[in-house]
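Starting off, we have a lone chain in the form predicted alone, written out as structure tokens.
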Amino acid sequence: MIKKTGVCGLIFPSVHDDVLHEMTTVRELGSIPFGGRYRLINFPLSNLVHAGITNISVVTTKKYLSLAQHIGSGKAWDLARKKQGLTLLPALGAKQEEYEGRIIPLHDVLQWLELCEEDYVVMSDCYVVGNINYKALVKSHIASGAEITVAYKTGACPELPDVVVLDTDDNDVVTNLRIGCRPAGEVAYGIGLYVIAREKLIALVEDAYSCGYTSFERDILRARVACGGVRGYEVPEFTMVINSLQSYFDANMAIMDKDIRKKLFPADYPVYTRVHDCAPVVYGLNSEMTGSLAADGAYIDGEVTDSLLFRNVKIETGATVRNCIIMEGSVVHKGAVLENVVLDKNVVVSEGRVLRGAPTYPLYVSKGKQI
């Protein structure tokens, strides 16, 4: 049994910001809205809380405002506590490429790690959507005696700049680790999720930083593989990798499927999010809604087909929305036609406008624009 105070959590919401550069100019990747009422960071945060991990820090960059507003004090995750709870740790001195490598941001927040009393650290990125059992992951790490455990999935290798590809033996000991290559066929690929002893992490980061290293995977993980100290853990739960605008679009469209929705948002393992006190969805007399999902606060008086509407979205009379993602606060005025479009927050589409993308190349409109 894992002690409640035995594990702390570190979340890196800006790793791989560049894969969704359209949306991350004003926010971190972890702050990107998802699924009608969530953000990408909600998944690792909720997974940590479900595992009984209540001492959690989020390592932020200069684009932290949206994220800070969303998570607030951590009350939605029961992390607004007198001791421990949720902490925002700014790694503001690190450039984006240094943040991606993790060593410099980790060195910037070493004081927090040194003050922790927990024995182990779970480190997670935010580009993977999934309801993952972190408790099972930590138990596996402790039982194996490994220095570092790397969570992985098996399948087609995702297109990421520094994707980690693992070779493991019958006991899941990592025998080889490749970074940045994408072999054909099914492979074991890392999902930006690690478990390591806290004191070991501090020592490895201090040593790597003193040598001028920047990459956790290239400069720490590969060295420990050579020493036989890295173990893999295959995640059995359903996950989706967000590594492009197309994959983001596809992942949101996928939750229209009831079976996938149950896998991502099981009733007994909820994904917690910030609560908005909004009225239920209002359907006008002219509304037609088919195969779509709408969050609370939405007003619909047009035609909506196979689309995902976030909170407080307004679709006016005569507007047509097909296969679209419409984020919070956006308004589609009378007679406008949208097809295969992603509207970021607070976008206004004027009366009679026509916006069309393709299912394999959705059209994106950035936050706050008026079309």
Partner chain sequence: MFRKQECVAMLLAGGQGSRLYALTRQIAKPAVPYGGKYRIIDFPLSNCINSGIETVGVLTQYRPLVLNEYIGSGEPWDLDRMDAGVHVLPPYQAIAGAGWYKGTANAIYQNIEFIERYDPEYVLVLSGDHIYKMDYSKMIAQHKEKNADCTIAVLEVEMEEAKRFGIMNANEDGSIYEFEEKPANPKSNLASMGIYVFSWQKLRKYLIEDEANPDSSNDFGKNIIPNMLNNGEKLYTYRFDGYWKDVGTIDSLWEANMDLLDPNVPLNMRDTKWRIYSRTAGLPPHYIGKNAKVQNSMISEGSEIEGNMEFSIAFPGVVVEEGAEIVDAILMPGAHVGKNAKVQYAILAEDVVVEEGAVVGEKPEEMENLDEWGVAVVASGIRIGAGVKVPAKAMIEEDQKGGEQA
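Positions refer to the first chain, counted from 1. What you see is a predicted model; the values in this text were computed from it and never measured.
Omitted from view is the form predicted in complex with its partner chain, to which the following refers.
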{"item": "Contact residue in the predicted complex, chosen from A91, V271, L113, V138 - any heavy atom within 4.5 Å of its partner chain", "value": "V271"}
{"item": "Single option in M123, A197, L293, V187 placed near its partner chain in the predicted complex, where near means a heavy atom within 4.5 Å", "value": "L293"}
{"item": "Its partner chain in the predicted complex reached by all of P280, G284 and A298, non-hydrogen atom within 4.5 Å", "value": "yes"}
{"item": "Location of its partner chain contact in the predicted complex, chosen stretch of 198-206, 146-154, 259-267, 241-249 [non-hydrogen atom, 4.5 Å]", "value": "259-267"}
{"item": "Contact label in the predicted complex: V163 to its partner chain, heavy atom within 4.5 Å", "value": "no"}
{"item": "Non-hydrogen atom contact P44 with its partner chain in the predicted complex at 4.5 angstroms", "value": "no"}
{"item": "R322 within 4.5 Å of its partner chain in the predicted complex, heavy atoms", "value": "no"}
{"item": "Non-hydrogen atom contact G36 with its partner chain in the predicted complex at 4.5 angstroms", "value": "yes"}
{"item": "Residues of 328-342 having any heavy atom within 4.5 Å of its partner chain in the predicted complex, listed in sequence order", "value": "none"}
